[in-house]
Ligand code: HEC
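A lone chain, given as structure tokens: the form predicted alone.
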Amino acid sequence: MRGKVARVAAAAAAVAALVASIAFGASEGGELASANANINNTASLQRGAKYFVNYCLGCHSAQYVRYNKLAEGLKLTEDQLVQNLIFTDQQPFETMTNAMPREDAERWFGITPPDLSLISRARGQDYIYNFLQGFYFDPSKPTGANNVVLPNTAMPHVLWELQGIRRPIFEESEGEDGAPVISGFETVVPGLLTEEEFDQVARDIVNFLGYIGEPMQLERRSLGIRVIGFLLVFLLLAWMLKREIWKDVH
């Protein structure tokens, strides 16, 4: 019964995350650059968790992820967990939530920031990576920023200090809908990181979100390899047995 409830809750969360992300706006479309996520990279997952807690958890939550289970998957001790990932009065057995009231969030941003527990499964890791890389300066927006992947997004550019502030470079031709086409970006205010370093930050965050979307995927893949290996061995034995039984017939 408990397992059935958990599956229903997970399905509901996936739908909620998808609806919330759609409410933030629609992608312009086009081919997305690959995030090249690798959840086998524990160091990347640890860095992604650090960036998530410092830059995302203030508005977004990951209410289906418990700190202690996260520490177990990321190979962190409880002391490392408390010192580096828990900055509130929450306990290690609690889930990754924040104290922002939903009513206030909706008033400030126009919409409640979605929970990110399953956002990688709802949107895809490539989409999240391109979204994090797609912010640019737009003085017409309340947050001072816009996004090429999610136009008119309500989300501010929370990583601007790391990436810097960029201005879009428009093509001379317009798009099919008459809107200007962005061909690239020009840095106006340099960030604390180089372009390559920020790219790694974005990939680490995407990697972390991909991991919490399905923490069991490492174990599932490992089990799958063992099952395929068993089937191959069984296939070989079956083929040898078949040859032995039918050798006189052939």
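Values in this document were obtained by computation on a predicted structure and should not be read as measured data. Sequential numbering from 1, following the sequence displayed.
What comes next is about the form predicted in complex with the ligand, which does not appear here.
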Want to guess which of 71-79, 163-171, 116-124, 89-97 is within 4.5 Å of the ligand in the model of the complex, heavy atoms only? 116-124
Answer key, the ligand contact in the model of the complex at 4.5 Å (heavy atoms) among V148, I128, L85, A145: the residue is I128
At 4.5 angstroms, heavy atoms only, are Y55, C59 and V158 all close to the ligand in the model of the complex? yes
According to a 4.5 angstroms non-hydrogen atom cut-off, is I212 in contact with the ligand in the model of the complex? no
So in the model of the complex, does I205 come within 4.5 Å of the ligand, heavy atom to heavy atom? yes
Is F109 close enough to touch the ligand in the model of the complex, meaning at least one heavy atom pair within 4.5 Å? yes
Is T153 close to the ligand in the model of the complex, meaning a heavy atom pair under 4.5 Å apart or at it? yes
